[in-house]
Every structure is written in C-alpha cells, then in structure tokens.
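The chain below stands alone, shown as structure tokens; this is the form predicted on its own.
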Amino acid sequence: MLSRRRFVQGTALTAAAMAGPARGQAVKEVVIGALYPLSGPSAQIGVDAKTAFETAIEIINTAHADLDLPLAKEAGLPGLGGAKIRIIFADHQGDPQKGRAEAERLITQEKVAAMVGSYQSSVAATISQTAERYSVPFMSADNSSPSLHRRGLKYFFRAAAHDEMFSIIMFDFLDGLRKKGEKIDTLALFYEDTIFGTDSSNVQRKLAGERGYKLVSDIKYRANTPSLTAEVQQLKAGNADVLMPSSYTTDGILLVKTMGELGYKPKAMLCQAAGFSEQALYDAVGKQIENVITRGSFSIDLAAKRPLVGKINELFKARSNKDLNDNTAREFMALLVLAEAIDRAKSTDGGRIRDALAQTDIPGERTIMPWKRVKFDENGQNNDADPVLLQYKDQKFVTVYPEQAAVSPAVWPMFKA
C-alpha cells in the first residue's frame, strides 16, 4: 500500500515536472510554439512569419554585439544558462478550431513554454483561450482586434497596436486634411465577417459618428468569397470620398480587381492593413491602387533615423529576398519580447514567464518599431505602440503620417481627376 509520505513526495515531483525547471536552473533549450496559416489562402503569411521568427532566433541564439536589441549581445538566454530558443510551427490553416486543437497539441505533447501567433484574430481568440486554460503565455504578434485583450485573460499579451489605436490615427489624418481644405465628408466601410472585420468596422463606425463623417456604405461580406460584384456595385453607387477596407490578401485582390472591372475609382482608400500591407497584393494589382494608404506598425524608412532597422532588414532579406513589412516586423519583435521575458523569469514555468511579461519595460529605441516602449497594462496590451500611416508610392511604402515620422507628404486624392 502506498504510504502517505511517498504519495506526497510523488505528487510534489509530478508538480515540479509539470512546472518546468526551477528558477535559475540551466536548460539546453526553450521550446516555443508558433501557430500560423501554413497552407490555404493565407499560406504565404505563414511562410513569411517563419522567416521573421528564424531571423529573431538568429539574434537570440548567437551573439550580435553591434545590435542594441534585447538578448542580442550574448548567445542564448543568460538567465537560463545560455539555453537556446527553438520554435515548433503549427498550421492552423486560418481555422479557429484547428488553431484550438493545434494549441492544445503544442502544450500537451510538445511541452512548449509559451506560444506566439497567429495572423487571423479569429484564430487568436481560440488559441488564447486554450493557453489560458493551461496557464501558458500567448504572445499575440500580429492580431489587431481590440476585443482580444478585453476578455480578462491573464496569459494574453500583445506588444503591437490594435484596431482602435490604428483607426484613431486614420481619423486624425482625415481631420488634418479637412483642416487644410480637403473635402472629405463621406466614408464607405467594407469589412469581412470575422472578428477582425467586425471589430474594425465597429471602431470606425463609432469614430465616424464622433468626428462628423457620414457613412454612405457599410458593407459586410463573407471572408474568402468567390465574388464581390454585388458589394462593389453598392460601393460605386455610394461614391464615398474615402473607401476604408478591412480585408486579408485574397479578398483584397478580388476587391481591387472587381473595382477595375466595374469602373469604380474612389477618391482615396485608407486601409486597415492586413492584405493591404502584403507585397502579394501589390504584385497582383499595384498599378490599380497606386497611392493607396494603409495603417501600419512599422516603416522601413525608419532606418534613415535608426540604423538598427536597416541591419535587421538585411538579415531578414538574406533569408527571404523581401523587405520587412508590417506583419513580419511585428512577428520579429514579438518573439524578442517573449524571449526577453523568459530570460528574466529564469524559468520555463508558464506562471513565472507570465509574471515576467507583466514586468516588461523595453525602450522604443531598443526595438525596430516607431514605438515609445514595450510595457503591458493590466490586460496585457502595450499602449505605447505608436502606429503610422504608409502610402504605396512608386512601388514602395513611404511613411506619410504622423508628421514627426513622415518622410514624404501624402498624395491626396489617390486618383487624380
């Protein structure tokens, strides 16, 4: 018969094993799960995210004395005896339920210390709930729906801005143009029927009312739809001064192509990033939407003021033959922020990592972003992640707002009469 003493000892050992290495104990590697669409319509997003994370791992796992970034100076995590970061990628295919299942697999079978993801906000919603259930930190790298950090979760963190922050800067920009004499009275909202699209439209609808703009079109469409003809006909009939789409890449391409087929040219497009920050969209339709403006978290022209940005871009480009963009820059920084917290936690225990994340305070100068700093509030949101507006001019993105970050004035209207 099992004695009480042996039972208690066994229970304690089991609990210790589940909690991971004790504080300060050396480990060889720390395993992090990355959940992205690696197949399906958004597969390229996952491929690019993989490259962003691999670039971050190179910074963390090998010494880069010339880079003033978290964990760059030494090889590995000094707080864990030089342990290396290893990432296991999981394909959620853009499906929230697949995301939930893959998150559970990573936690229970792969024994990940933390997770990062996930591009689609609808998938982040299920991943983060699973992470919460198992007390495993989830770093939202590139999800922008504001509802994600307002669910009372303790293990959810987001270093980048959300759509309320992005939409406010978009309306500040429009207000500024109005003050300069531009006639901007009417808006058209166009958004997919997921948490990303509905959250984005809710914020923009509220701001339009508060700032005195009239919505002449308010169109929700089915994500990954085969046709947008009826919706574009409605947009054309409304003839708003500014079209504000919230769409991923495949839908964004279809939208612009359908606009061309139906002869619809709005005066301007002010986009909620997503597909409109992806080079694949511009490769497909760029000439049709020259001078389109999108919000962003990152600007490659920041390299002129901060050489660090150019150095990281060179490392990323050597792997992908692409420049960093809004998504990949956020992904790169998300992993650095997460790894920095794991290093300070000196443990792979989820609760200790969570507490270290809550104490994060990284100056903006030690990131590749135009942020003041990385510091999380009680909901796990970084409120100092200052966004920018980018305009696609001459086949590249240029920062046009706010004025202190702009390298070029905005072309307005987008299409000249």
Partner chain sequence: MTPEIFIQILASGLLMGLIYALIAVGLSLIFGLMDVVNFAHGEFMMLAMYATFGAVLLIAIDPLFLAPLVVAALFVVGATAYLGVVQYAMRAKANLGMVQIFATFGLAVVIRGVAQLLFTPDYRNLPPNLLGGKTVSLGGIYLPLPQLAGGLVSVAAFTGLWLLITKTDFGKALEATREDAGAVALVGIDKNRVFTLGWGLGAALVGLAGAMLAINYYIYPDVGAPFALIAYVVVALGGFGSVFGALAAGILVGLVEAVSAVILPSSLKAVGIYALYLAVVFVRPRGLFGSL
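Between two forms, the rigid core is the largest collection of C-alphas that superpose within 1.5 Å. Positions refer to the first chain, counted from 1. On a predicted model such as this, the values are computed, not experimentally measured, just so you know.
A second form of this protein, the form predicted together with the partner chain, is not displayed here; the remarks below concern that form.
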{"query": "Distance check, R306 to the partner chain in the predicted complex, heavy atom within 4.5 Å", "finding": "no"}
{"query": "Contact label in the predicted complex: L262 to the partner chain, heavy atom within 4.5 Å", "finding": "yes"}
{"query": "Distance check, V216 to the partner chain in the predicted complex, heavy atom within 4.5 Å", "finding": "no"}
{"query": "Any non-hydrogen atom of G181 within 4.5 angstroms of the partner chain in the predicted complex", "finding": "no"}
{"query": "Heavy atom distance at most 4.5 Å to the partner chain in the predicted complex, all of G76, I300 and F316", "finding": "no"}
{"query": "Residue stretch of 156 to 164, 328 to 336, 169 to 177, 280 to 288 approaching the partner chain in the predicted complex, non-hydrogen atom distance within 4.5 Å", "finding": "280 to 288"}
{"query": "In the predicted complex, the one of R150, K84, K206, K257 near the partner chain [non-hydrogen atom within 4.5 angstroms]", "finding": "K257"}
{"query": "Sequence-ordered list of residues in 201 to 226 near the partner chain in the predicted complex, where near means a heavy atom within 4.5 Å", "finding": "I219, K220, Y221, R222, N224, T225, P226"}
{"query": "Large Cα move at T249 between this form and the one not shown, threshold 2 Å, rigid core", "finding": "no"}
